[in-house]
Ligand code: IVH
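Given next, in structure tokens, is a single chain: the form predicted on its own.
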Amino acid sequence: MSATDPAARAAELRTLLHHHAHRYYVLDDPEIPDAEYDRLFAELQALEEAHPSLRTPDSPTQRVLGRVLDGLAPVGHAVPMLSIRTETDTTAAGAEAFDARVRRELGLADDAPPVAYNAELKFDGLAINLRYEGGVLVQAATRGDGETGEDVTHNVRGIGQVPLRLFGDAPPVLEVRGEIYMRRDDFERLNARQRDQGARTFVNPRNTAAGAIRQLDSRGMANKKLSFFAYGLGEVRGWAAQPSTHSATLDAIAAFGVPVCADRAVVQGATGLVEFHRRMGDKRDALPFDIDGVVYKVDDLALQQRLGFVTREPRWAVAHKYPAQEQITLLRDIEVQVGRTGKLTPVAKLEPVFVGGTTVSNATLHNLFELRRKGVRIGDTVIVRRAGDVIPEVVGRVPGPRAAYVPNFRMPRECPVCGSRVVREQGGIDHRCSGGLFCAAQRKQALLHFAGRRAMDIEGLGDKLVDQLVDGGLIRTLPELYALGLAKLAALDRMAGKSAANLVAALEKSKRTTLARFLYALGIRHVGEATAKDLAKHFGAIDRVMDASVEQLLQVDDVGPVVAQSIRTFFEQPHHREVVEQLRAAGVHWDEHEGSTAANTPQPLAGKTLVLTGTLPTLTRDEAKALIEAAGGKVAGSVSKKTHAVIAGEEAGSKLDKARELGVTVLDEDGLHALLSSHPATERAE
């Protein structure tokens, strides 16, 4: 049972929250839902607000960011944070040279047993010293010059992986040293948000992490998710059970609740070092964070003491690097690439440079606004980055004056592939080709979308077949799909006679469709299924949609200025109208009517929202949805107080529970049919 005394309950909550934070941030194995953690956190907050004396430095509530400093205070390191010697030879010879040096300095004979080393990763982040007193985090400091660092406790407290209190029987004083870094996925998400907001993007994860930690205003940490790994110790007092090896020390640190990277191993001699370097090199691109090498440390702490230091570097450790992932080179030109969706991307043409294990001659510049923010122009010396399988990118220019004036790069007004007008939506950052169905760069994407299940539903027309049809020159436009005969299809690779016949039959079947499906299949930007249905219902005929002005389009439900302009731009292209006419000439057809303003079709579900859940006896989910929409209703994916009714079949799930909780009407398939046949003025069923 939970404690009822406020002090006891606060202590209980702190213990629970520390435990669950460790499971979530360090072990990546949460035991409770986020909502339950938030409930416990809110309870502790309320207790501390009611009883301020219960608020302790190690309380999880003290991670809250927002402290602003006048400057970072200096922190003297009780044990210097020394740098590790770097082995510049990135081949196996680098590991062999280190082992030979250690054996020589230890005076080991050639036939002596191999030295045991702890091999670990060299993280590309910011070195940090965490000081725990009585098991509680009291200070976090940067490396600085090794003797004196900067107090960054206010920011480090905001890193979920850094425990505010250690588990178990921690020593009176324990300084844990490690690396603060940013995962690649967190870095990409951060930059994506920056681009969406039109803000400056960040160069690389390492610089972003370092900049976040050293800022004075900790509120800047709020959108930067950082991580932490421990790799050693600083000052230690009163640890009677301190291990005798480095590897056992890391195990003990992990037992205290501090994250330690699992990619480490105790290896024997040069052979073990070479194998670890190779294995981690093969794994490097798949890691969720950046490393620039591995680190070898003599595992026996007594041997470390014997080896000692030279010019402030330990003789018992070395960093063995991999080929660099950033290099500088010359930007020779900027070209524009048109993607499958019509997006125009400026691409840097580079003086070839070896980076990240391969020779790079092209790199993305993302978009015009990103290019301008980086201040990059043709002829500049630029920094190129390649990490893992990520497309190489230009991250910035090397500062310095230009020899002569070079104008800013400008995006073309016409698509370099098809000559169609290039457009940019108001407030958007991407430039796009308006050629759509006509543009060769977008041909495969247009075909796949057109054939999709919710569009023309051409079964059997998938990625590989579209590649063959387009690459072989058999299809250039959508209407040519319907000219494909059995002989042409059967002659394709891996296309047997039966498969060819099935595709011909699917093409013929697809000719009978609906206006809504046809509009969606055209792939008009911003026109999804729901918008296509609204357009079909409002206008009733394809010609009226094609001829509609922006003002007329804005009269359609849920069509705003951006969508209206996108539709207008699409049908202003003569080649798009030609494709529509050619598809109709090929036999594609649907029923048309006068549009919603003149239609007399009863709409019993007009203005009502229904939710489908479970399996109905005779109707599929799509069939039930079509009936509801034909009756003027809308189908939502979740239940709310505004839901008119939930149509539930067998094995209905959480939506049924939610409906009962909110008092929303629940109907079966018969109840749905009764709704569909009711008079439009029928009141909500009970």
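In this text, residue numbers run from 1 along the sequence as written. Small disclaimer: the values here were computed from a predicted structure and weren't measured.
One more form of this protein should be noted, the form predicted in complex with the named molecule, which is absent from this view; the next part is about it.
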4.5 Å heavy atom contact, residue 120 and the named molecule in the predicted complex: yes
Exercise: residue 79 in contact with the named molecule in the predicted complex, heavy atom 4.5 Å: no
Distance check, residue 438 to the named molecule in the predicted complex, heavy atom within 4.5 Å: no
Heavy atom of residue 271 within 4.5 Å of the named molecule in the predicted complex: no
Site test, 162, 259 and 289 vs the named molecule in the predicted complex, non-hydrogen atom cutoff 4.5 Å: no
Segment that reaches the named molecule in the predicted complex - one of 293-301, 516-524, 584-592, 273-281, heavy atoms within 4.5 Å: 293-301
Partner-contacting position among 99, 179, 175, 393 - heavy atom within 4.5 Å of the named molecule in the predicted complex: 179
The unique member of 539, 316, 228, 187 whose heavy atoms fall within 4.5 Å of the named molecule in the predicted complex: 316
